[in-house]
Ligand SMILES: Cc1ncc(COP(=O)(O)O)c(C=O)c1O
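First, one chain by itself: the form predicted on its own, in structure tokens.
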Amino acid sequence: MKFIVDQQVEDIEMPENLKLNTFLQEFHSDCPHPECIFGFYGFAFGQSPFPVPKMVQNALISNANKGAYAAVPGIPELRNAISKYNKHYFGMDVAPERIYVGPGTKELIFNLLEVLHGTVILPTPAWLGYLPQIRFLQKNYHMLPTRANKKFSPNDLRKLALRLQDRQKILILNNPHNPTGLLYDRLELEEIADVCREQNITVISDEIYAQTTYDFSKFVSMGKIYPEGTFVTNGLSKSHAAGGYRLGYVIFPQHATDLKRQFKKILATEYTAVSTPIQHAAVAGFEFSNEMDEYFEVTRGIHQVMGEYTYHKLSAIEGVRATKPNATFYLLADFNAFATDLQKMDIMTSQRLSESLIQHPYHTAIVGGDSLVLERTDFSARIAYVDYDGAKVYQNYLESRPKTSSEKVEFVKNNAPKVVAGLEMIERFFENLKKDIPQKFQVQKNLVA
């Protein structure tokens, strides 16, 4: 019997980071060179490497017997904890009734796009998960390219909005930003909010990296600046290194009572509720304590040290430009100065560049620009600097926190050898390219399948 797949599904591509990660799990065994038994240097998959906070683990164990369905919006204890969490860390007075819990922010953003009518405005470069969702839902959308500083201009937003005919426009704002690691500050958010009020733009503010902001005092939620028109999404995956728990939440704008009712129908229809034991475990994660504060402080400190090292190493390669991250564990590297040299090697797209870097002897995995909603010929790439043993590095940082520039460099060299070696491989790749050293790139078919 032949099964026919719906065309909407046929048109969706596997997210590039997941496609690449699947390939990489098998790649190391295929390389015939014995020195490559280590596999690859992983700059492609963005996952916090640290252990889940102990109090969250213990709470999950204690609540493993909770087998009953939870309420669709989330258990009351969790919604109360999230409300207090937002007040404590982000200065936002949010009633628990405005908070809905879901299986990760990715799902919640998808649910919001299902419910909200209108044209989506997507600033680029962008996290690689937004566009497939927009296309799957057959939403009208327009790209909003960023300026040279990799941030979009409020004036450009206004110009685009004026061209759109829909009664409602939906801006996806990712702050702190994946893939650049940049942060929109209070003044920038206020200017964006002014345009949104003027042009009737609803904002979905993806703030999953909020707690990773290196100077945490500089983070401001768009929900605080534009509370009447912003949906804020956040969760456990990045701040608590608990992506596998699949728990996120959305804060609804003020006075959105009817919309919450519509949203509840969608959640109840699609997945009923988030796993009850996971919700109880999350309560512990959102309760503030000295232990939790130390966890946030240590993990963001390590991310900053790794980010500064990665930024300086890439920027030291002649022709490479990189964003200097203020948060997250990513930066965007621009290799477009090598476009002519790459084309001589028959490397015409960023995807082909990614495929070439994973081959022997480089064994380096990156996410190319076309996966970041850039032009296919834009030789930019997201670099995720988390390829190290998070538990070990966390403990070493606790025991001896690096303070000077030289101490930070030594910390990275001693604790993240694959990050160091991978950056050296990127440098070697482009040095060989400049020297016109012949290189053979025999890309396995299953990488691009």
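All residue numbers are counted from 1 along the displayed sequence. All values reported here derive from a predicted model rather than from experimental measurement.
The discussion below concerns the form predicted in complex with the named molecule, not included here.
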property	result
Contact check for 146, 180 and 321 against the named molecule in the model of the complex, heavy atom at 4.5 Å	no
Contact stretch among 310 to 318, 275 to 283, 233 to 241, 154 to 162 - heavy atom within 4.5 Å of the named molecule in the model of the complex	233 to 241
Distance check, residue 105 to the named molecule in the model of the complex, heavy atom within 4.5 Å	yes
4.5 angstroms heavy atom contact with the named molecule in the model of the complex for residue 295	no
Residue 85, heavy atom within 4.5 angstroms of the named molecule in the model of the complex	no
Contact test in the model of the complex: residue 174 vs the named molecule, heavy atoms, 4.5 Å	yes
Of 130, 335, 184, 252, the one that lies within 4.5 Å of the named molecule in the model of the complex (heavy atoms)	130
Selected contact from 260, 246, 150, 139, since only one has a non-hydrogen atom within 4.5 angstroms of the named molecule in the model of the complex	246
Heavy atom within 4.5 Å of the named molecule in the model of the complex - qualifying residues of 314 to 336	330
